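Below are two forms of the same protein chain, given as structure tokens: structure 1, then structure 2.
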Structure 1
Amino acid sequence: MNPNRLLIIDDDAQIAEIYARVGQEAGFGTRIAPSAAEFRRQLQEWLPSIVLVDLRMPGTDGVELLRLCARERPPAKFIIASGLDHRVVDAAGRLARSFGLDVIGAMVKPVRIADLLALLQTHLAGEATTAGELEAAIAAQHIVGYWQPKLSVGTRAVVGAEVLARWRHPAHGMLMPDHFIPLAESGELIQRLTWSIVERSLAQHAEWAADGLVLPFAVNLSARCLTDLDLPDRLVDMCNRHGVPPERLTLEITESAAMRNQIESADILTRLRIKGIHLSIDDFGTGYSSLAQLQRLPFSELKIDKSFVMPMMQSHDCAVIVRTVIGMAQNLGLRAVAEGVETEECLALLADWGCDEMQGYLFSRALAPEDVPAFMAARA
């Protein structure tokens, strides 16, 4: 069976047929659910990999359907599409994320065919993998860290990097994190995967530093790791073993992760800062308690989510949010880092507003370790 399955529910049959044809062109098997009852049946029996939901449906609405999905917990990603005001569409997307759903797009109708096609192709999966395959890949070091440079907004100099996991699969080629991180999170493999990435990143940093290339770096920390009270000591021991000062390591933690087990996470994160390791609150603005986290936990960096940065040249609301968050970070003494910077116009605005650092395709995608020294030499 094709692992790429698109389930569509829309009150306009013609629009649903257009979405289905776009899905087929992208490589998906497609089905249309004409009613909420049929939608639920397909969700349970067909197990779609992506669900496209309209917000206005006869007899129900998209939020009720998203709430249903939150209860059913299908292994799917979600796209919201509606002719309603963009504020309503964005609010529905944030609500769905708060339900725990993986929302990859919130689109206002009329949806551009090219945009939908590109979104679907980005999330095209290979053959399904199992926990056993993932465990073997971690042991064989087939999951590697790719380094996406972080640049100073003011000088455009490279000031660090974020390490992002990639699976060099012997049969399916390069697999992106969306393909295997949910699988790791669903079991006990996420801790092993995290430690593997940290260990190899420290070793890579030490190797480059010996050749004169010092590149501070950040790794993502799963919520499951924030229950291990030995985490701070173990990380410092690893840094010492590789001869890497803890100050060169940043841990990126999402708002939702910091909200779990709040007492334990506050204990662990505070001790990490005491030991010199930096903390970044990731995907800022997509959670539901951002200001509380900034006041409660000792973060040193704030990353502005790309869902605000990328559309800010077209969206006044997003631009206001980005500018406000940068100002708040400045007043709190935090570094402000913008994700998803893709144009010079966007970068110019960030510079005007005083943003500290940026990541994005304007300068570089995530690079294989062997490509980093050449990139650094070219930037120098």
Structure 2
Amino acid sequence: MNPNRLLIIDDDAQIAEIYARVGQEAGFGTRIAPSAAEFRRQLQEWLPSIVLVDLRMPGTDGVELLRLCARERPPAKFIIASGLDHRVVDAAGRLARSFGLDVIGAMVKPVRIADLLALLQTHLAGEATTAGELEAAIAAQHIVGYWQPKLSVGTRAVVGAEVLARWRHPAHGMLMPDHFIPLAESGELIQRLTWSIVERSLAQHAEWAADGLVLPFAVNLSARCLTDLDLPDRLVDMCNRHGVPPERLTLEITESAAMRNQIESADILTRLRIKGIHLSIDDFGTGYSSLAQLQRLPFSELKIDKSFVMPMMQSHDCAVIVRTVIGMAQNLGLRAVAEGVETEECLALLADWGCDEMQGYLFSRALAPEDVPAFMAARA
């Protein structure tokens, strides 16, 4: 079966047919679901790799459909298209992400065929990845942490790094997280993946520290890991085994993850902080959370998502959001970190607004561990 399967749900049969033709041109097998019931059946049985949802459907609405999808946890990516205003479409995209869905695009109708074709083609998988393959890759240590430097906005010194997962696939080359994290998150593999990344990052950190390069680092923690009451003790044990002070480790947690099981996560997060591990709210602004709740949780850092930072120079709305979030972080005593800094102009504004740290392609992409020491030496 073609691993690239596009499921389309749109009440306008003609438009659905056009999308299907674009999908076929991009190399997808396509199906159209004319009703919510049919959609649900296809989602479970046909297992699409990409789902294209119209927000306005007879008898239901797109948001309800997205919520239903989130419950099913399909390892699919989502494109939202709608005739509604771009704010509504963007809001639905954010909502879907906060449900835990992997949204790769939000498009306002009339959708430009060239845009849709390009989007589909960038998400064309060579071969579908199965949980078994991913499991084997984790065991074989083919999932490797790449280190993206985090810099001080004021001094431009490297103050740490975020470790991002990459799959060094023997046949397909390097695969980015969007090819395998959603699959890992749809089952229990995310736990194994996370522990493997943490363990190897600690070992790497210790190796560099022995040579005098101390690079505090952050790893991404999935919501699924926040239900494990042993997490704080296991992490500290692991730090001890590698001789790394827990203060050098930060966990990046999305706001929706922290909000999901509030009592359990508050318990785990508080104990992590007591043990010295730092906590960062990741992708701030893309999920939904009560600020009061967030303030009650022991975070020390807030990361502003790149979807606000990157368009900041073109979008007044995004600039206002970034500036406001930096001010709010300051008032709550949180360090503000901007992600997706690609230009000096953007950096200058962030500096004006008092942002503390940044990461982005302006300075560096995520680096293979073997390239980190040279990068650090060049910047020193």
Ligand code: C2E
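Each residue is numbered by where it sits in the sequence of structure 1, with counting from 1. We call the rigid core whatever largest set of C-alpha positions still superposes within 1.5 Å between the two forms. Predicted, not measured: the structure shown is a model, and the values here were computed from it.
Of the two forms shown, the form predicted alone is structure 1. Core-superposed comparison between the two structures: CA of residue 335 displaced by less than 2 Å. In the core-superposed comparison between the two structures, residue 36 has its Cα shifted by at least 2 Å. Annotation for residue 109: C-alpha shift of 2 angstroms or more between the two structures, rigid core superposed. Once the rigid core is matched between the two structures, the CA atom of residue 91 is found 2.7 Å away.
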